[in-house]
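Have a look below at one chain only, the form predicted on its own, in structure tokens format.
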Amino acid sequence: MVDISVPLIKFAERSATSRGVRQQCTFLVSSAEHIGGLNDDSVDAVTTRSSLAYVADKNAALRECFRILKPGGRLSIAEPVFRDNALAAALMRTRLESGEKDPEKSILPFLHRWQSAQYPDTNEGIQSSPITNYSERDLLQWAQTVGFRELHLELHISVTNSYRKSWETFLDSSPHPLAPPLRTILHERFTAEERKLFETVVRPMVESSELSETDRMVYLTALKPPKGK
């Protein structure tokens, strides 16, 4: 078990102990780009879940995965893709800066203020943020470049409308760990009058399941070639 977070590693160790499997586990505090404590060709499989998305140098992380795998070892990762969310926030910014007339102009600045608090909304910001500077095709290309073979990628896109009908739940939710919840954004970036207008427009959409949310998750598996192949 490898993670850069000491509290998370300690939590995982306590969980393993409570499940009676502590003796089967080794816990390492390390970054994904430089995995200390694991030798070359030493593990059978590497798996991540929503981890590489927050790593600045994903190419280096995949090289480390390749390094520690035994020949014939398997990579299996599941990572979210947030680029489209950031591009949507950037489009809102462009529309506002262009002065384009829009029937929803009264609410568009508020929507942009909300989304831009959770995602970068400029090309520079999108390219510099670890969570938005890659697509599923980038992950596939990087894995192939470092030497993985027999690659298989699936992009799963889910559009949901009904699981968050509670306004209070909606206020306290955020799309990823680095994003503040909507309640915090409204408190910090909106006046009392703006909060009232925002709720008047958005709350009925939430409670009627009219407001949809799109999640994009990449599943990638690959093989480290056996020696001599």
Ligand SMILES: C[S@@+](CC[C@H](N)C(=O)[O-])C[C@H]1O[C@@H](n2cnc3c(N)ncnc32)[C@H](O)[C@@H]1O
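Please read these numbers as outputs of a predicted model, since none were measured by experiment. Sequential numbering from 1, following the sequence displayed.
Just so you know, the form predicted together with the ligand exists too; it's not on screen, but the next bit is about it.
The stretch in contact with the ligand in the predicted bound form, judged by heavy atoms within 4.5 Å, is 30-38, chosen from 182-190, 64-72, 165-173, 30-38.
In the predicted bound form, the ligand sits within 4.5 Å of a heavy atom of S50. Interface residue remark: P177 is counted as part of the site for the ligand in the predicted bound form, having a heavy atom within 4.5 Å. The ligand in the predicted bound form comes within 4.5 Å of no heavy atom belonging to F198. Contact check for V55: a heavy atom falls within 4.5 Å of the ligand in the predicted bound form. With contact defined as any non-hydrogen atom lying within 4.5 angstroms of the ligand in the predicted bound form, the stretch 182-220 contains no contacting residue.
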